[in-house]
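One chain comes next, on its own, written as structure tokens: the form predicted alone.
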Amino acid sequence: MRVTRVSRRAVLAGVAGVGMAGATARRARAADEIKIGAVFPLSGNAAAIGQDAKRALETMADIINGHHDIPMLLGQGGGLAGLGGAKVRLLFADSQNNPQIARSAAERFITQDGVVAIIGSYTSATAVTISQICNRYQIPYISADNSSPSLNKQGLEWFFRPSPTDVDFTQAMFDFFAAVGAKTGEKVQSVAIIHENSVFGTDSARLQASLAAAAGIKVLANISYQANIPSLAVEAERLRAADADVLMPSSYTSDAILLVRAMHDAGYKPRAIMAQDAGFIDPAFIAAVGPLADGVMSRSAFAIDAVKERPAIPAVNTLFRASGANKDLNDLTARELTALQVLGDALNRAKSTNNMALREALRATDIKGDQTIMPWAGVKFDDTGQNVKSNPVILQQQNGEWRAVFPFDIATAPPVWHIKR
């Protein structure tokens, strides 16, 4: 035994950096628990989002650890076969939507708790700090639901994002505008952009303005506001005055509620709303604004009604509802759940929790779309850690339900479209 300990110390001594040494030294034995950190806003104004993320991750952990018969990758359960049936154990930290708190939580997970990877984190602003800490200590950051296109352009070697970026999402919006215009004759000629002023909102607005210009669509307003502002009444009046064919908001939940209510109070009903997901997809938004949400469209990475193409959806959704969510999976929770599935698959194939082996397994990921609940072609990462097969969809609120309306070949309902003046 003494020889083994000396040999292990020699290996550790040769590894550069304390963080890297700690990560590289980790090995999983049969039936060990594999610790995975998750950083989300569990309190504050985005607490509902964070709590739903927690349930989504717990649902996927239950699928991996338990015994099931779900038609998707890792859907049989029984632990991670490549690691002798090892179970995954989730550790949660509350970011409070604060980038510095998120940074501290990530560092604590790595240096004190010995996690093999971190999943997060709802807002792109918190993802920036978490991903940089993970890169410093050389463990993977799985960006579950962060959509800012700048995140995978930081030159980080430990960043992996299974879901689309706002580049993909925004392109899908304009592809929809062109397709529905050609189909109905009601072409989009103008848009109004409104966005909160963090990384998410500013990146989103920049992309929307650029793609509008490329499509020959006029931008009649481009309004930035401070996140969590107490009133959007002035902004609503400016949008009413612009009177664009389509309103394109990029807002988190509390702001999305505030905006829709302010527009209603101003007597302004846009002919069409195409949201950049975020707050508009949150069930709390739908509950708060009620019938004012009817007709709202959003880009999405998930379509709960795509059960024909993704037969695992009903069983996974039932487990999610039973987790305490008491609601269906949505775009965010489906992405969060899938992030853990992707990480679990990489651990299984790596047959080790060694950081280098895990990174190589993530880089070699090639999951077919029908092995997930997502309507994607699959999961395969490029050199920046971005999934190149995560194609978005367009959803619309119709009679209190989200229905897939684009692409037309997977749509379960035609879009309600009435921009004609």
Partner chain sequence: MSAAIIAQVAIGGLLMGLVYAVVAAGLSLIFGLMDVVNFAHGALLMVAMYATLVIHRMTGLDPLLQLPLVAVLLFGAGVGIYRVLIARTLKTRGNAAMVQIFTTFGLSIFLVGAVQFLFGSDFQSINGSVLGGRTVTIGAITLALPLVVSGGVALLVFLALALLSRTEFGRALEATREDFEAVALIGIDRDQVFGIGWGIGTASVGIAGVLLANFYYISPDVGTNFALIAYVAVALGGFGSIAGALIAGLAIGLVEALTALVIDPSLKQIGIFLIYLAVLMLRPRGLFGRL
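Positions refer to the first chain, counted from 1. Bear in mind that the values here come from a model prediction, so they are computed numbers and not experimental data.
Note that the form predicted together with its partner chain isn't included here; everything after this is about it.
- Listed stretches are 142-150, 262-270, 110-118, 180-188; the contact stretch with its partner chain in the predicted complex is 262-270, by a heavy atom cutoff of 4.5 Å.
- Taking the partner from elsewhere, every residue among 43, 235 and 240 has a non-hydrogen atom within 4.5 angstroms of its partner chain in the predicted complex.
- The closest heavy atom approach of residue 100 to its partner chain in the predicted complex falls outside 4.5 Å.
- Although the partner is absent here, residue 356 sits far enough away that none of its heavy atoms falls within 4.5 Å of its partner chain in the predicted complex.
- Interface residue remark: residue 287 is counted as part of the site for its partner chain in the predicted complex, having a heavy atom within 4.5 Å.
- The closest non-hydrogen atom of residue 137 lies beyond 4.5 Å of its partner chain in the predicted complex.
- Note on contacts: among 224, 210, 154, 323, the single residue with a heavy atom within 4.5 Å of its partner chain in the predicted complex is 224.
- Proximity to its partner chain in the predicted complex, defined as a heavy atom within 4.5 Å, singles out one entry of 129, 254, 330, 317, which is 254.
- Using a 4.5 Å cut-off on any heavy atom, the one residue of 191-218 that reaches its partner chain in the predicted complex is 197.
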